[in-house]
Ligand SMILES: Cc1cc2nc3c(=O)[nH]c(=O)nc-3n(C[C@H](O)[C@H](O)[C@H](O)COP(=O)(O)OP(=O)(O)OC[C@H]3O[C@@H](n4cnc5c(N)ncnc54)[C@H](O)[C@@H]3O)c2cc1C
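Consider the single chain below, provided in C-alpha cells and representing the form predicted on its own.
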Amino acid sequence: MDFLRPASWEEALAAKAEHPTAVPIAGGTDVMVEINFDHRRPEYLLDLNRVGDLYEWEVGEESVRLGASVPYTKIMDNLRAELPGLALASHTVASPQIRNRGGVGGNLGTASPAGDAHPALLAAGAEVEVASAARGTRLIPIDDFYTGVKRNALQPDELIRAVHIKKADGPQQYSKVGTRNAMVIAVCAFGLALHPETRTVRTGIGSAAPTPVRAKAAEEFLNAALEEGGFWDNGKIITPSVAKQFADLCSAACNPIDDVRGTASYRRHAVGVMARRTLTWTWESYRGTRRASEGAA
C-alpha cells in the first residue's frame, strides 16, 4: 500500500487523476478502522491532511461553505447559529477524540447510511462541491449524492472539497437512537429543518434505508397542512392528528434491515417517534421566535 501526501489541492487532484483508485484519508476515523480490521486494503492512500483549505470555512450572506475536513468540534464551537442541525448532529459523533479528527467530507465520502451528518445535510438542502483535475469543479445537490449502499455520485478522479449549506432561516433539530450514549453507530437518526422563508419543511433519515433518505411524502403532507391551517401566520400549536400523520409517513419512508443494532420494525417505530418529537421541538421554537418578534414590534 503506497502513501501519497500532496501539499496542495492542485497536487491532490493530480494524484487522484493519476491514481483513480486511491482512497482519500483526512480524519481517518472510517478508513483506518476498515484497514485495521482488514476489511479494505487499497493500493494507494491519498493523505489530505496537508491541504489547508479543506480545514477552512466561510460564512456568506446566505450560506456557509464548509471545508470537507473541518472537524466536528469546530462546527459545534463556531457554526451553531448558522448550522444548528449539523451542530446537533456533530455532538452525537463518537467521542471527543474522533470529533476532533473527523469531518463531514469523510461522512460523505464513505456514504454509509449510518453517517451522523447525512440527515442534517438532507434537511438543510446542502450541495457538495467536488472537483477533478480534468473537468474542474461541480456542485452536486445532496438529494442526488447518495447512489447506493456506501456509494456516492463521485467520479473516480474526483475529490470532495467542501459542502455548501444554506444558513438556517428557522429552527432545526436532530435526533439519534443508539445502543448507548456515545461511541456508537446509529440504530437510526432523524433530522428536521423548518424553512419559514419558503414555508417548507425538509427531513433527513439515517440508518433506516440503503442510503440516507428524505421522507418526501411526509414533507408534502406537512407543507400542505401548515399552509392550509395558516400555521405559519397564526403560530398555533400543530394538532396531534397532523403530528401523528407526519410521523406515520416518516416511518413509511424507511426501508430498513434487521441487524445486530436493531430490527427493521424497531427502526420504523423509532423514526416515527423522532419525527413527532423533532416536529414538536422545532415548531415550539418557531412559535417562541414569532411571539418574541411580535412583542418587540
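Quick note: we count residues from 1 along the sequence shown, nothing fancier. In this text, all values refer to a predicted model and were calculated from it rather than measured experimentally.
The following text describes the form predicted together with the ligand, which does not appear among the structures shown.
S.K.: Given a 4.5 Å cut-off on heavy atoms, tell me which of 165-173, 109-117, 206-214, 219-227 is the interface stretch with the ligand in the predicted complex.
M.R.: Only one stretch passes the 4.5 Å heavy-atom test: 109-117.
S.K.: Is the gap between Cys250 and the ligand in the predicted complex 4.5 Å or less for some heavy atom pair?
M.R.: It does not: once the ligand is placed as it appears in the predicted complex, Cys250 has no heavy atom within 4.5 Å of it.
S.K.: Taking the ligand as it sits in the predicted complex, is Lys74 in contact with it (heavy atom to heavy atom, 4.5 Å or less)?
M.R.: Although the ligand is absent here, Lys74 would stay clear of it in the predicted complex, with no heavy atoms inside 4.5 Å.
S.K.: Could you confirm whether Gly102 comes within 4.5 Å of the ligand in the predicted complex, counting heavy atoms only?
M.R.: Gly102 belongs to the contact set for the ligand.
S.K.: Although the partner isn't part of this model, could you tell me whether Val177 comes within 4.5 Å of the ligand in the predicted complex, counting any heavy atom of the residue?
M.R.: Answer no; every heavy atom of Val177 is more than 4.5 Å from the ligand in the predicted complex.
S.K.: Flag this candidate site as yes only if Asp30, Val33 and Leu159 all have a heavy atom within 4.5 Å of the ligand in the predicted complex; otherwise mark no.
M.R.: Heavy-atom distance to the ligand in the predicted complex: all three under 4.5 Å.
S.K.: Taking the ligand in the predicted complex as the reference, which of Thr92, Thr200, Asn78, Ser132 has a non-hydrogen atom within 4.5 Å?
M.R.: When the ligand is considered in the predicted complex, the option within 4.5 Å is Thr92.
S.K.: Would you mind picking the one in Lys236, Lys244, Arg40, Arg50 that has a heavy atom within 4.5 Å of the ligand in the predicted complex?
M.R.: Answer to the contact question: Arg40.
S.K.: Listed by sequence position, which residues of 171-199 have a non-hydrogen atom within 4.5 angstroms of the ligand in the predicted complex?
M.R.: Contacting residues: Lys176, Met183, Val184, Ile185.
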